[in-house]
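Next comes just one chain, in structure tokens: the form predicted alone.
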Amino acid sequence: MEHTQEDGAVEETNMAAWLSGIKKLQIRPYHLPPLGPNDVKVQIKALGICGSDVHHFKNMRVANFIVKKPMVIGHECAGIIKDVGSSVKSLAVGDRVALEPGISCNTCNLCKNGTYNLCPKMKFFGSPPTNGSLANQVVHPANLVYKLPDNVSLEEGAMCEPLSVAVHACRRADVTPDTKVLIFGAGPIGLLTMLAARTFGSPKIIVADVDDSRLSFAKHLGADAIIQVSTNIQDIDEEVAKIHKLMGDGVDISFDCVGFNKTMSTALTATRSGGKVCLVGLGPSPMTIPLVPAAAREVDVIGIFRYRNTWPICIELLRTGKIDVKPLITHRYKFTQEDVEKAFETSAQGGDAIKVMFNL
């Protein structure tokens, strides 16, 4: 679609993927806000589907974030600068960039203290009621847009968002070269947490999952050991014994990238006294978990929410080749009505789909 501007120039209509109901996605026009002096306009070229996008697609909600009106979906994105605001000096038209999707208020105490990811006024791409970035173009603050090196692709730039979750988790849990790590969940976040933990120096990493094919993928990516677990809470003691045998020593840090009663209970039981459990995956709430026995062993429970100050390190990890995210991109789709529907169905089904990517 296109329309004629006042000066007679023909401009393409900005189109976006709107979520209007359970499993109802439609590509239709998306009118952008005016370009502010500190904003940039970005032509989106690569966008990955996140687990939260799938939750919105299937349920019209993630935890307390409920889709109450049609919303543009998507937030893992990269693209090319099409226009810059009058005060923007750090970026230029034509620059290839990755976008950090959350706009914090910068005035509350949490923002002032540097924990801007916890800002109660956060406006985050594709988190209701804020429109996302599965669109031809978006307008975004320049200070949340990061130039990509020549050897980092736009797809890799879009992967900076899920990689940021993994990097933030490893920072919060303080992974070091003497940290033995256990990871629950071999989906995109679990696999990226494995890659990040290795980069942070972890000498031994075990990955647990219910899906044998995903465990094989984790082993191929560099897991030292894998263990297939069940969904039956009665199996915890037996599985913990297997984990301890595989580790050959105590588990220093467990990352629960699933967020179920079973995974969190296993993590709390498997982690050594004085160790840490980092809850990354946000599953059902509330949970029923053996917290008192873990507390009596001084096992610390750490939560994370998204990330903060991670894009520069993620881009550097990609530039230097210390982390290779390319094998995680298993499926690619175009930005058409048919492909948008197919892509979300593919991602929702899981199976051999790890990261589903749009090329716009």
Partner chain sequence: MGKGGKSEGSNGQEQNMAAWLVAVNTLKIQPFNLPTLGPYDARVRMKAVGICGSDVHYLKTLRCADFVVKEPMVIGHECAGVIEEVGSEVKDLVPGDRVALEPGISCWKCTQCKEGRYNLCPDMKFFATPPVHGSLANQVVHPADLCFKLPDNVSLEEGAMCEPLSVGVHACRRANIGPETNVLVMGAGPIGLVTMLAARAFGAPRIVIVDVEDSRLSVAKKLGADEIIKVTTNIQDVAGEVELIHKAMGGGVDVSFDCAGFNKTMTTALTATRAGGKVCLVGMGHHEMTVPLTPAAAREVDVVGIFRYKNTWPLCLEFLRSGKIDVKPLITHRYGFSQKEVEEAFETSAGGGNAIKVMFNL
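Note that the structure is predicted; figures quoted are calculated from it, not measured. Positions refer to the first chain, counted from 1.
One more form of this protein should be noted, the form predicted together with the partner chain, which is absent from this view; the next part is about it.
Evaluate I315 for contact with the partner chain in the predicted bound form, applying a 4.5 angstroms cut-off between non-hydrogen atoms, and reply yes or no. No, I315 is distant from the partner.
With heavy atoms only and a cut-off of 4.5 Å, decide whether Q234 touches the partner chain in the predicted bound form. So Q234 does not count as contacting the partner chain.
Counting only non-hydrogen atoms and a 4.5 angstroms cut-off, does R272 reach the partner chain in the predicted bound form? Close contact exists here: in the predicted bound form, R272 approaches the partner chain to within 4.5 Å, heavy atoms only.
L118: heavy atom within 4.5 Å of the partner chain in the predicted bound form? Heavy-atom contact with the partner chain at 4.5 Å: present for L118.
Would you point out which of 156-164, 284-292, 139-147, 202-210 contains residues with a non-hydrogen atom within 4.5 Å of the partner chain in the predicted bound form? Within 4.5 Å of the partner lies stretch 284-292.
Is every one of K180, D224 and I243 within 4.5 Å of the partner chain in the predicted bound form, counting heavy atoms? No, the candidate spot makes no contact with the partner chain.
Of I253, V152, L99, M264, which one comes within 4.5 Å of the partner chain in the predicted bound form, counting heavy atoms only? Spelling it out, the residue with a heavy atom inside the cut-off is M264.
So which of P29, G36, G303, P70 reaches within 4.5 angstroms of the partner chain in the predicted bound form, heavy atom to heavy atom? Spelling it out, the residue with a heavy atom inside the cut-off is G303.
Can you tell me which residues in 120-152 come within 4.5 angstroms of the partner chain in the predicted bound form, by heavy atoms? Going through 120-152 in order - heavy atoms within 4.5 Å of the partner chain in the predicted bound form - there are no hits.
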